[in-house]
Ligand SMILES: Nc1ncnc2c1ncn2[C@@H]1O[C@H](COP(=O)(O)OP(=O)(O)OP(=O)(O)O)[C@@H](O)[C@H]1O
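Here you get one chain, nothing else, as structure tokens; it is the form predicted on its own.
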Amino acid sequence: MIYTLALNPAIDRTFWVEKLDFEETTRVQKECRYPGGKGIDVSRVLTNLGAPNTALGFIGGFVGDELECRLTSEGVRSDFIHISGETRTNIIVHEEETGRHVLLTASGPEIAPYEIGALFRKIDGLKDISILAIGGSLPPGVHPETYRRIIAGVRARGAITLLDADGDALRVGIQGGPDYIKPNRRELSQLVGRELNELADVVEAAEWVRSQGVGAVLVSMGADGIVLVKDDGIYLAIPPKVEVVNTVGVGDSAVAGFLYGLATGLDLKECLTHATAAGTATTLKPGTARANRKDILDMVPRVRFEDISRSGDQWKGLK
């Protein structure tokens, strides 16, 4: 069974406006509410793909109840820890005139030590776990060490782990030795402390991260595709050119596509191709809606795959 973990999920309250006006009233043309958070989005897309999975994490209050019920209405299975605080609400504003969007993210509720303990007991008690995808920010009261401990514990039981986080959560989390991490170019740049302007820079940074005990590194690079760096090869999947209407949750969809490939026994080429297809298909969906199975599978043959395994000076100059 695939499990996803979102310690700081949210309801994404999404508005569409013609133009943001900072001097006069801005009229909302449309409003939608979606369950959100990295692990939550991964579960939503996995469910769309028909891959059995269960969403784990913390929820609380009326917003937490809404999130859980919205997931149930989408057919997403969940098994949350109910906390005393209120699940956060994020605000997303899409400006129709420019195509830009503004994302306002709340910090989330304070998590008590006994609630963290309840999470550890739940994860330790999972008998059927084969894959665990961990993603997103940490709410107040949760130290990045939590990610490291969970990853190390799950890996010791033979399950595959994937971490999608940034900042200290990523820096400490990789000490647990995850099988995969999926930073974007900016997050990887922050992790290694330097700019990554060329593909060669990205690969070099990913190789350094692997030397810290990470099995393989997936780096999402927007329209430039996703690169996978592992011990026996370096692979690049490039999406087709599409008219992007949304970028929220694209990386989460890519994670879901990759995990779908792993869970269904596809080789790494196909896993990477499905990751790129899933992320690209979600860019065509408005708001924080997510690509469905047909969207993703129709996109798969349009993704270009390249084996770019090279060494030394051969990498210099690659963009």
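This one's a predicted model, so the numbers in the text were calculated from it and none came from an experiment. Residues carry their position along the shown sequence, with the first being 1.
A second form of this protein, the form predicted in complex with the named molecule, is not displayed here; the remarks below concern that form.
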Heavy atom within 4.5 Å of the named molecule in the predicted complex - residue from V63, V250, A263, L49
V250
Under a 4.5 angstroms heavy atom criterion, identify the one residue in P139, P239, G85, G176 near the named molecule in the predicted complex.
P239
Can any non-hydrogen atom of S189 be found within 4.5 angstroms of the named molecule in the predicted complex?
no
Taking the named molecule as it sits in the predicted complex, is S78 in contact with it (heavy atom to heavy atom, 4.5 Å or less)?
no
So, K38 and the named molecule: in the predicted complex, are they within 4.5 Å at any heavy atom pair?
yes
Exercise: S43 in contact with the named molecule in the predicted complex, heavy atom 4.5 Å:
no
Which single stretch, out of 250 to 258, 65 to 73, 22 to 30, 51 to 59, brings residue heavy atoms within 4.5 Å of the named molecule in the predicted complex?
250 to 258
Under the 4.5 Å heavy atom criterion, name the residues of 175 to 202 that approach the named molecule in the predicted complex, in sequence order.
K182, N184
